[in-house]
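What follows is a single chain, given as structure tokens, in the form predicted on its own.
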């Protein structure tokens, strides 16, 4: 006959095994893992998921947005409990429908809104773009040539370009010299540098370019490299980005052309995405389809702050 101690121990072991068997499995799917911001989102998500005892499978399609559809279909067949998406949902609707038909909730992590995405956790791209575009307009006194780096294929970045366009259009003496969509397959810095080199060559006179507005930091860094390599770092060209990743913070702290970026709380977005998944798995019906995580403007005054 079992003793009371043995019975309690056995019950505890059974409960532990039941808990392990009930561990949620979540797939995180993105074509953009080469981007520092996406890496930080994923890190934040995984940290929170570990606290929740989940099994997480991170899938990177290495720039291939179309492949996201088949990866969604794969994990749906495998029977995951939830999917977290960091891609344009409008481009992967077939995959989202497969998940929906299987009753698997999908949460966007800086993805974009879609009827088949339960909620999108992100920063307020409208506010971030307005802040940096207004910064540029004020710094150049509302006049001069501006080079824009945008990326319309990805909704969270596309909206930034729309807002910056509106801010610059509201200043009749600001001319957008070029609106560039760089190749991001290697992260975006190298092609942005090459594209900026071409713009510099086409506008050789000092003062011809007043500013570079970039929808995220990688193009801003590429533009900075091009400007410095061309020996034009003393022209006062103002550069802004968005994300405030470590490399951008270092550049801003040096007090050169790269003057400002907006710090997204990447870890906070990842953690909030995990909490949103947890709410859905608990059966909660979400009223808020877009969940914003606060941001902060970074300049030389606070670039070194933790």
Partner chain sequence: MSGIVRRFGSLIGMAAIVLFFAVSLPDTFLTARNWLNISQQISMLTVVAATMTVVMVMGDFDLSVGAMASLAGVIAAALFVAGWPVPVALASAVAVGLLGGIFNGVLVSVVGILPFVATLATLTVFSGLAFVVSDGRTVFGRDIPEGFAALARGGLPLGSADGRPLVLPNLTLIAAAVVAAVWVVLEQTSYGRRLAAIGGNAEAARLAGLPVTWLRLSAFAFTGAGAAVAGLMYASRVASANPTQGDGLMLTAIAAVFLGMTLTRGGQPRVLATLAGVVVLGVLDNGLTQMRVDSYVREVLVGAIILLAVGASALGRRSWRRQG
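Each form is matched to the other, and the largest set of C-alpha atoms that superpose within 1.5 Å is called the rigid core. Positions refer to the first chain, counted from 1. Please read these numbers as outputs of a predicted model, since none were measured by experiment.
Just so it is clear, the following notes concern the form predicted in complex with its partner chain, a form of the same protein that is not shown.
Comment: 48 to 56 is the region of 234 to 242, 265 to 273, 249 to 257, 48 to 56 lying near its partner chain in the predicted bound form, near meaning a non-hydrogen atom within 4.5 Å. For the options 195, 91, 225, 124, the residue carrying a heavy atom within 4.5 angstroms of its partner chain in the predicted bound form is 91. Taking non-hydrogen atoms only, residue 102 approaches its partner chain to within 4.5 angstroms in the predicted bound form. Heavy atoms of residue 142 never reach within 4.5 Å of its partner chain in the predicted bound form, leaving it off the interface. By the criterion of a heavy atom within 4.5 Å, residue 73 is counted among the residues contacting its partner chain in the predicted bound form. Proximity of residue 64 to its partner chain in the predicted bound form: non-hydrogen atoms within 4.5 Å are present. Against its partner chain in the predicted bound form, the set 33, 69 and 152 is in full contact: each member has a heavy atom within 4.5 Å.
After superposition on the rigid core, displacement of the C-alpha of residue 155 between the shown form and the other one amounts to 2 Å or more.
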